[in-house]
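Coming up is one lone chain in structure tokens, specifically the form predicted alone.
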Amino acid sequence: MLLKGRGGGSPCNSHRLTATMSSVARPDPAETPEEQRFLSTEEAAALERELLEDYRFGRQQLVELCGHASAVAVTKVFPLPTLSRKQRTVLVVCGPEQNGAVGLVCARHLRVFEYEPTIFYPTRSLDLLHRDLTTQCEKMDIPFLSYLPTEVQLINDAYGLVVDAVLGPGVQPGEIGGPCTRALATLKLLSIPLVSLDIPSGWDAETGGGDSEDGLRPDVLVSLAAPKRCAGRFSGRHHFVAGRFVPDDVRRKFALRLPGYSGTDCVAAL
């Protein structure tokens, strides 16, 4: 999802964790490009309008669906029974735009799934949805960091993985202020696994640009609704699409020929 609007919107540390990640289904090399269609920025915006205006999805509803599915994707790659206590700790870094709202929901569901999330949310949006989601996390005793250590080893030692929910499509680091930009510079240096929501923060939604100064190289990418065009440049371990809520008619309209969802799963591995 784009879900953008101002005010609205690495290697593992243990062989067991690496083995777990390797067990997740990988794409079939025989698949044709048409079966893994990436959306342009214009197409993604049109798909979002279709959901909001024609199908009458609410903004909060879409954020909740995307955040829940993002948490489920984390459980697919890092299943709780295989993790040590330290590996269950998750740092969720949220920006003030809509991707940050998805990150807050993701953190809440990770807590429900018995992980141990901590949130860093340095530039808080005044939007009512963001405030409500923040209150929900606080009421569930999810801790919020007052600052992010610049010494990356402190983060590597304290957490098992990091969720990047800082920027979404069309949002540039300079648009959201210094604290988030500094956080991205720190995330680039981490050695623990990184999970990016929708697009890696700092990437251009069309071209990727993962080698840019503020770009990240996540281990896991969770595309929301459908993969954006930049996902074609993703070279991490696992790529999921979280779009089971997208109606069949909308999938056909946008030629979304993607892997099927198994059972009751809300995410599918690409």
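The structure presented is a predicted model; accordingly, all values stated were derived computationally and were not measured. Residue indices: 1-based, along the sequence shown.
What comes next is about the form predicted in complex with another copy of the chain, which is not displayed.
For a residue to qualify, one of its non-hydrogen atoms must sit within 4.5 Å of another copy of the chain in the model of the complex; none of S84, T118 and R217 qualifies. Exactly one listed residue, out of L161, L184, L133, V171, brings a non-hydrogen atom to within 4.5 Å of another copy of the chain in the model of the complex: L133. Taking non-hydrogen atoms only, T123 never approaches another copy of the chain to within 4.5 angstroms in the model of the complex. The closest heavy atom approach of M140 to another copy of the chain in the model of the complex falls within 4.5 Å. At a distance threshold of 4.5 angstroms between non-hydrogen atoms, H109 is in contact with another copy of the chain in the model of the complex. Among heavy atoms of E64, some come within 4.5 Å of another copy of the chain in the model of the complex. Comparing 190-198, 84-92, 125-133, 152-160 against another copy of the chain in the model of the complex, the single stretch with non-hydrogen atoms within 4.5 angstroms of it is 125-133. In the model of the complex, D54, Y55, R56, F57, G58, R59, Q60, Q61, E64, L65 are the residues of 50-67 with at least one heavy atom within 4.5 Å of another copy of the chain, listed from first to last.
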